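Next up: a single chain in structure tokens, the form predicted alone.
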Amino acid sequence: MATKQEIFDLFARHVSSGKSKYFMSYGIDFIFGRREGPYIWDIDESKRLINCHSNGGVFNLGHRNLEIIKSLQQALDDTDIGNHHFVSTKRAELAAKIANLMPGDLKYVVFGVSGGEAIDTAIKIARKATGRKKIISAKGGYHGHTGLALAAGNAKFSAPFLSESDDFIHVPFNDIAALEEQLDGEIAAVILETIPATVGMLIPDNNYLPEVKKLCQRNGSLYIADEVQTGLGRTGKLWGFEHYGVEPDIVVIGKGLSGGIYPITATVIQSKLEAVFHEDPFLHISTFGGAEPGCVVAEKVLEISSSTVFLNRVNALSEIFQKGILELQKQYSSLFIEFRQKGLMMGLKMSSPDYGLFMSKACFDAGLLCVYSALDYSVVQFLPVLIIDEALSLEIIERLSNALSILKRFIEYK
């Protein structure tokens, strides 16, 4: 078996020299090996981490969830990817389940493979349905790395690839006046993450998203909810937008729908928007979108994530984390200045951008996998797996306390 250094060298030569150098320079010489539930082990079993990032929600139900694996194994007994040109039982059944779990008239589903693809699809539908081209999104927002999704996101990701466009307008999140000022007859849609993670887990005011929907209706524009991270129980409700009593025109689901096992995403649209495909139902295709084994996996994910027992547990764990982390904030108030939370979607804001980076490393040293926000280094994203119990929640809080202690000692020494 290759050594860790040999794997890092191979990765550097053939995948990404930058990533290899980055992790080695910070002393995070960790390579995913064995994984189970909330835990991941280094490839040489020298270190175990509790996953408190969950890859943005991919591992909501833990690593290698046995129910999900069983569903995939059963699906492989009699299906393969299928053919996207034709009618499919599995796609029809999954689409019906998603529609039944959505509010109002969100009844049609277009499947994809990645979150970026699903966002691209949403924007394409909005443009064709409205006959307009311009899109409004939030400053610091993140919607993926494909074409239209990339342009809708922050310039940090779009500018290097010359993907910035005057057709994409960026306004501050949670600022209704700024949005209203930009809305005009050229705006096809407003696309927003319900809680923008990459810019630091910003929690919207209770009236913000309802006001967004009202302004869109008045302007003849569509409201697209990016639920790639907030969906599937992460916030304590099945869909994050449910906290705000709003019904989007289009909802994008990704990450957790895969169960961490099979990539699949969904763009869910109101019935009236399905008319964009009436003239030519092959106008949009995705070869691997809605692959039949993935549909079976996603059905099981929805079955688990939509249950009252599951959502009640998320909310109970949320209270445990809120109590424990607010105590830590008091104890380390000079370092840890704000706790942002909606369910188990949490952000820990440090008093300096440098501290967010150092805190991610301190968490690693304390046995937790956490990642700082790419567009606000002062915020550490904190997204534990949703299937943990109370005992592990308390252990995570204790390890977080250890990480803050490590950070404090490092800063004092520095």
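Each residue number is its position in the shown sequence, starting from 1. Bear in mind the structure is a predicted one, so any value in this text is a computation, not a measurement.
One more form of this protein, predicted in complex with a small molecule, exists but is not displayed; see below.
*Asks:* Any idea which of 151-159, 137-145, 239-247, 333-341 reaches within 4.5 Å of the small molecule in the model of the complex, heavy atoms considered?
*Replies:* Of the stretches listed, the one contacting the partner is 137-145.
*Asks:* Is the small molecule close enough to Gly115, Glu193 and Lys255 in the model of the complex that each of the three has a heavy atom within 4.5 Å of it?
*Replies:* Yes, the whole candidate spot contacts the small molecule.
*Asks:* Would you check, heavy atoms only and a 4.5 Å threshold, whether Gln229 touches the small molecule in the model of the complex?
*Replies:* The answer is yes: Gln229 has a heavy atom within 4.5 Å of the small molecule.
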